[in-house]
Ligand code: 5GP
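Just one chain follows, in the form predicted on its own, and it is written as structure tokens.
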Amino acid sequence: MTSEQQASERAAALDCLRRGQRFALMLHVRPDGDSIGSSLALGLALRRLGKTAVLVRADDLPANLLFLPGIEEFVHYSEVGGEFDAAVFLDCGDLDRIGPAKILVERARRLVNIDHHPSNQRFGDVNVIEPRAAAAGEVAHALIRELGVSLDFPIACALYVALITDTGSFRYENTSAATHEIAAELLRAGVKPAEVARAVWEDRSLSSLRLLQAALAALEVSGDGRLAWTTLTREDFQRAGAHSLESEGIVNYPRTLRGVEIAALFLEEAPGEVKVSLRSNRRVDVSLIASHFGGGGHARAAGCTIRAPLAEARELVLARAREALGGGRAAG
């Protein structure tokens, strides 16, 4: 996409946000820091402009993000009434990712799709897709600035969470000079990096650590050491007393193994339904693996859901991963 096209998309989104008065900002299912942070920041900014911004969720919010100022404003889609000038989606690659909250789309005159995933399906009436952005929070930051809203502490904190969660605290290759420049601006608005980092990364429940223990015990590595994966069954969640959101980030553990290029987490969400998280280190574009199964994401982080028994889903994905690595068996 050319810079002119990108500028045109932003202008269309800004026009919609300026003209409208009532908005629904929609989280995707299993919301992460980027989805929550960018949606919360833009919603608070719209309220500062005197508009109605309803923050909508379909799932529970992660416990480690409940410290965010304004997080209590998210309401379950079943409690949302009325119509909207626009439904706004941030960090949402396709419309189905909002799950059962999709019923609210019928009440919106327009759909505004704001994202940074290259695999985004451009489902909106207005689409602002910027793959060079490290997070949807970067795009939200630009829109908030162009709307003329100054960065108060709640907005800055939400944007900072969006940045650090999608960049692994600025460790991933999507981190750019622009990312750090935005972060510096957010710090000047009052964000305390150490406090946010502790809340996001280090304030964990016992059940989440027990789930991690089960995942590490199930870790498998290919004979050549380039492919590593682990599996969490429904029984693992029951034994740990954990819920699905507490598996967030576990896929990064096999990714850190020396020599590993592709890491995978297979999560049995229901009988015959497996959520797959994929990560790569340097060479393989895992979004191509995920897209083969109807998913998507980025070159280094992607995912999909496969409706098949756990063992079958795992072998299907591992076979694709072996092909991406250039052959070789993935048996541990």
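Just so you know, these numbers come straight off a predicted model, no measurement behind them. Counting begins at 1, following the sequence as shown.
There is also a form predicted in complex with ligand 5GP; it is not shown, and the following applies to it.
Participant: Which one, 253 to 261, 209 to 217, 130 to 138, 94 to 102, holds residues whose non-hydrogen atoms are within 4.5 Å of ligand 5GP in the predicted bound form?
Facilitator: Stretch 94 to 102 is the one.
Participant: Let me know the one among 284, 44, 56, 304 whose heavy atoms come within 4.5 Å of ligand 5GP in the predicted bound form, would you?
Facilitator: Exactly one listed residue reaches within 4.5 Å, namely 304.
Participant: Would you please decide whether residue 297 lies within 4.5 angstroms of ligand 5GP in the predicted bound form, comparing each non-hydrogen atom pair?
Facilitator: Judged by the heavy-atom cut-off of 4.5 Å, residue 297 is in contact with ligand 5GP in the predicted bound form.
Participant: Wondering, does residue 277 line up within 4.5 Å of ligand 5GP in the predicted bound form on heavy atoms?
Facilitator: Yes, residue 277 sits close enough to ligand 5GP in the predicted bound form that at least one of its heavy atoms falls within 4.5 Å.
Participant: Do residue 273 and ligand 5GP come within 4.5 Å of each other in the predicted bound form, heavy atoms counted?
Facilitator: Although ligand 5GP is absent here, residue 273 would stay clear of it in the predicted bound form, with no heavy atoms inside 4.5 Å.
Participant: At the 4.5 Å heavy atom threshold, is residue 117 in contact with ligand 5GP in the predicted bound form?
Facilitator: Result yes; residue 117 sits at the interface with ligand 5GP in the predicted bound form.
Participant: Using a 4.5 Å cut-off on heavy atoms, what residues in 189 to 211 are near ligand 5GP in the predicted bound form?
Facilitator: Contacting residues: none.
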